[in-house]
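Just the one chain here, laid out as structure tokens, in the form predicted on its own.
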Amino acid sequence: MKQFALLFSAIDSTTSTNRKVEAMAEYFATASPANAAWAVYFLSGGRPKRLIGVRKVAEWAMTESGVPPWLFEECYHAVGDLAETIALLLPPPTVVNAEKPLHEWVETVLLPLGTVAEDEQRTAVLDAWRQLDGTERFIWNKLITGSFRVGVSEQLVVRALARASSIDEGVIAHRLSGHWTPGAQNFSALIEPDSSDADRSRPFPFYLAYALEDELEALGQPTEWQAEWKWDGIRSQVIRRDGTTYIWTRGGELATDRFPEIVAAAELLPDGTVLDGEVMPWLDDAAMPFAQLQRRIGRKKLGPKILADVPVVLIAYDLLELGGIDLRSESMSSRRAKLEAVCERGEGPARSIFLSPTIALATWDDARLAQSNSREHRAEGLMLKRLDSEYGVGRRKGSWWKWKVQPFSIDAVMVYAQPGHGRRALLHTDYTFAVRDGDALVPFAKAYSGLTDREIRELDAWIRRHTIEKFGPVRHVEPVHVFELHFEGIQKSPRHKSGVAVRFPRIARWRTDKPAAEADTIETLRTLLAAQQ
């Protein structure tokens, strides 16, 4: 644990990418496989689910430290992080147990917390606090509340592992794809020079695009680029190897059994084929709203009705492997030509796999026109890919760009607020917004991102002073403040009182210049809905 805490401090104390990679590489080269495996898991963004409610942890910390609630809350507001506040307020450790390694803390203390009674949880947490100190205690607090994060990406972890093991970055990234689980044997396999034992089901690392930053003309000639629609679905790879089909999502989930239509179509693919594309809800030769796809993925069992109501397809836009040969180093134009031939075989009678259509670009105005018409195709915008580009690893600038349409926008009134999670558990950061319907206010969206820390603290103080009534943790507040909300899509929803549901709502700005009487109305939402359909 002490060695991992020193690594965390080294990463947290610098903004230099090279120094972060150096610190991780040194750790991986010296740590035991069992400890290094959990370090890979945590540094790559893995987190056990929250095992104990943060309010319980805060209560135990107040009791252990002898700090009254009012003073604890003041300290929390000053520090801004619950785990750090607790680590600072607790008394010094009474038992120094620096010899217990990271993997033992995780496997024998942390993970069992989710299966024991509250009094056993409390005992385990207090024992840990009495053994750990400083950064170790801070990390422990983050882990038990499910909020551990550190300032590195999985790509940097891959780079550090490659440096420590002298294994190619692409091999390391490939081995980490999918359901990689922490363990001593798995870490040893991760840095094993012989890659012949690679799991045949594993996907390639996904190549990701950056948001377009400059004017189109800065990209060069439009004829050097391939333009496609940017679909709003689930980025996935369909793998056909050794007579078996696997479907992996970008989030590392094996989702084969969720999309039987695509599995059936993939049986027509040549063995040793990997397609990169978008799983989309698709009916009558047109995309359906993403919320329809959520209806499917939210069910444990897929019955005939949901399969008929929400059929899915894979819109394939890249070919990563053919005949067992890795094609990622070939040009986009070469991969595209081969993809066209492969997709003809995979379409099948249900046409559940088909080629992503391209948009001809004689001039950049062609791209501008297509992008402005994206919503007519139920797309989010355009993807621009250099025809000579390889298929890379992770998010890289220069070869692939995403150019999304402007989000929908509406001015709404905050009507409810409740505490957030993790370091925001003691602040009201989750808000419900409403639009005007005559003299009434109709809730239609929840959002919790977009405000600065200063604005959150200011709004939290106001919420506490202007609560009309409480419903458990939810506060009904005076309908005074107006916020500009942005969202990506809108559709009908019988489950919501407003009759609509919006996708990815977030706060764009606090409209302190606008009274609630001038907020948008339900008719504004209905107009946006009509334009979307």
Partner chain sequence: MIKGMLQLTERGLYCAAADVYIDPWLPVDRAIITHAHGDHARWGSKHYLASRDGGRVLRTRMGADANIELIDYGEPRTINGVRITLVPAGHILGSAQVRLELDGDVWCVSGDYKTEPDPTCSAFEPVRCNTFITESTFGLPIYRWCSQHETFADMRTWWAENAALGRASIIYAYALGKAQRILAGMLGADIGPIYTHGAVERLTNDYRESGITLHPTSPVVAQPKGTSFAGSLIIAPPSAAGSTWLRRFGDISTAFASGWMQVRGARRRRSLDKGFILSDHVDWPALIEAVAATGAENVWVTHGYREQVVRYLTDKGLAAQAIASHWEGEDEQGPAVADEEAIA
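All values reported here derive from a predicted model rather than from experimental measurement. Numbering follows the first chain given and starts at 1.
Just so it is clear, the following notes concern the form predicted together with the partner chain, a form of the same protein that is not shown.
Although the partner is absent from this view, residue 78 contacts the partner chain in the model of the complex, with a non-hydrogen atom inside 4.5 angstroms. In the model of the complex, at least one heavy atom of residue 138 sits within 4.5 Å of a heavy atom of the partner chain.
Proximity of residue 8 to the partner chain in the model of the complex falls within the 4.5 Å heavy atom cutoff. Although the partner is absent here, residue 464 lies within 4.5 Å of the partner chain in the model of the complex, judged by heavy atoms. In summary, among the residues 219, 425, 291, 434, the only one with a non-hydrogen atom within 4.5 Å of the partner chain in the model of the complex is 425. Checked against the partner chain in the model of the complex, the candidates 451, 322, 89, 316 yield a single residue with a heavy atom inside 4.5 Å, and that residue is 89. Contact check at 4.5 Å (heavy atoms) against the partner chain in the model of the complex: none of 210, 256 and 276 pass.
Note that among 105-113, 157-165, 262-270, 70-78, the stretch whose heavy atoms approach the partner chain to within 4.5 Å in the model of the complex is 70-78. Contacts with the partner chain in the model of the complex, taken as any heavy atom within 4.5 Å, map within 13-34 to 13, 15, 19.
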